[in-house]
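One chain follows as structure tokens, the form predicted alone.
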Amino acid sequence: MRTALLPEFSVVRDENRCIQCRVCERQCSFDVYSYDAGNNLMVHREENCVACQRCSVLCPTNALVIKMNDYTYRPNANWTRESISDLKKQAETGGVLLTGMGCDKPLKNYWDHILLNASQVTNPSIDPLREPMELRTRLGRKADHLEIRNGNLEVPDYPYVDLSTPIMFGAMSYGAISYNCFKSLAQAAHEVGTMFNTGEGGWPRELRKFGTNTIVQCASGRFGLDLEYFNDAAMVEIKIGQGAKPGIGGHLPGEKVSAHISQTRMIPMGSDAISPAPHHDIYSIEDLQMLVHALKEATDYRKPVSVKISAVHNAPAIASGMVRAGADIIVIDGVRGGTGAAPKILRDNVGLPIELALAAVDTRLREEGIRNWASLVCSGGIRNSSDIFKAIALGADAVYIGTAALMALGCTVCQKCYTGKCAWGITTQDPYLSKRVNPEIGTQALVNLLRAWSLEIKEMLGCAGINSIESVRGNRLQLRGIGLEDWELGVLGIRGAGQ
């Protein structure tokens, strides 16, 4: 069938600059370029271009520009260019449209409608370059009250993890991302003193030396799980859902299951790795409680156990049940959370913005008097240090970053992760492509990112006259909303600007 789809992107080549070095041809993993030897020209197939920008970044003469194709249909408020293209694709293929990364629809981004406070006159600001600023964060259950017996402070022995900064690398499994990318995250977490999350794809044995900085995940597929897996890590996370695709599982195609991934996930090489939508042993809070305590028993009650859910309409009530079921840490993943592959219709239409869900969950736990029973981690669309600061003021103890970390490694959010052809070597198992991430360079880039964001958080603390991130947690008086309706201010629990 002849396709009725027009190319989404245009390849513009400046022939005066092009030296026919064929770098673009070698770097493109989507077969856009080829060399016409007869005419000594580079030619391209625009319909294959995904705008990953690898070719234009590496072109030695800056001869290439990749941009949106200028074509347009007759303007129609209902039938946008995207909706027409999606419909035509489905008419031609008869399949579910897949995509990668998080929701890219122009939903209201509440981080951009929240402004921070600053000290003036009556509460002096603090210069972070001259005064010590504390970002150290402890995740885990905290005591209901402190007791002093015989002159000694007695603190309950709850398991916890310490972070040097309230920023962690979110769950990205080996298989969904390349080994070099996975290794970069592990090394960077170790160097910074924070955590990286293995996702549900197992944990290669040679990387277990980073165990003190590793969170291992127990998801519905139960890949690569054994006693060592749990006990070698610092923390265990039960994944119920993720923001990009609430209510469904995952699927790693068999062609991505190499010998090493097969060994790591404990599944046959070349077989599809399918994660069911639900855990088949969890259909109630009581079932979840059994798994939480089974994992605590398996780790001799030395590891905190977290539970991760998608941000959905009844997240506050579910979070309350999770805390009462024994979870030491609650993770909420918002609608803009990333993924390697998800049905486009789900990614863009299911879930809640993390800002609203986070505030609602924190409020619910405080109202029930159980906020100290568990730490709260949020994820899904964290773009910069101010998002983190605002998240902590809304009630989070720490955040996960995923897409931002991948962007530090080269990702340009072209959303073609599910094809396995990532030209930047991030979401691929192709040996040729995956070598494009150098683990040492990648580690340094990630370390630089966390260092830069941590410094900026200290700057924001200083301008608010605060010297510890602990004093910001749940301190919504530091926030003001702008351009928000009353109901939105109510859910966020903040005042409007000027109030």
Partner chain sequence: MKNLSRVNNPYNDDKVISQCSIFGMMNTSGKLISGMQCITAITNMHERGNGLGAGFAIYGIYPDRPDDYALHIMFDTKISREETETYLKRLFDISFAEEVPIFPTESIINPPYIYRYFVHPKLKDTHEIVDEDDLVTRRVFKINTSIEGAFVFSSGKNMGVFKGVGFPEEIAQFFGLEHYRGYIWTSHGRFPTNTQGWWGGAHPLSLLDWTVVHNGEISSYGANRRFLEMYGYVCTMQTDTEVVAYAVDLLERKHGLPIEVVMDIFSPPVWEQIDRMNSGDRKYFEAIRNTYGSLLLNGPFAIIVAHHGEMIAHTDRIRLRPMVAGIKGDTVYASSEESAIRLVCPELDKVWIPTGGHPVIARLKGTEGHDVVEGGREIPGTIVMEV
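Positions refer to the first chain, counted from 1. Given the structure is predicted, the values throughout are model-derived calculations rather than measurements. Basically, rigid core = biggest C-alpha set you can superpose within 1.5 Å across the two forms.
As for the form predicted in complex with its partner chain, it is not shown, yet the points below apply to it.
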Can you tell me if S275 lies within 4.5 angstroms of its partner chain in the predicted bound form, counting non-hydrogen atoms only?
no
Is G369 one of the residues lying within 4.5 Å of its partner chain in the predicted bound form, judged by heavy atom distances?
yes
Given that its partner chain is not shown alongside this chain, does T122 nevertheless sit within 4.5 Å of it in the predicted bound form, heavy atom to heavy atom?
yes
Verify the contact flag for K209: yes if a non-hydrogen atom of it lies within 4.5 Å of a non-hydrogen atom of its partner chain in the predicted bound form, no if not.
no
Sort through W79, Y283, Y71, Y158 and report the residue having a heavy atom within 4.5 Å of its partner chain in the predicted bound form.
Y158
Answer option from E255, E134, E228, D112, heavy atom within 4.5 Å of its partner chain in the predicted bound form
E134
Location of its partner chain contact in the predicted bound form, chosen stretch of 433-441, 49-57, 465-473, 26-34 [non-hydrogen atom, 4.5 Å]
465-473
H145, L153 and T363 - do all three of these have some heavy atom no more than 4.5 Å from its partner chain in the predicted bound form?
yes
Look at N150 and decide if its Cα position differs by 2 Å or more between the shown form and the other one after superposing on the rigid core.
yes
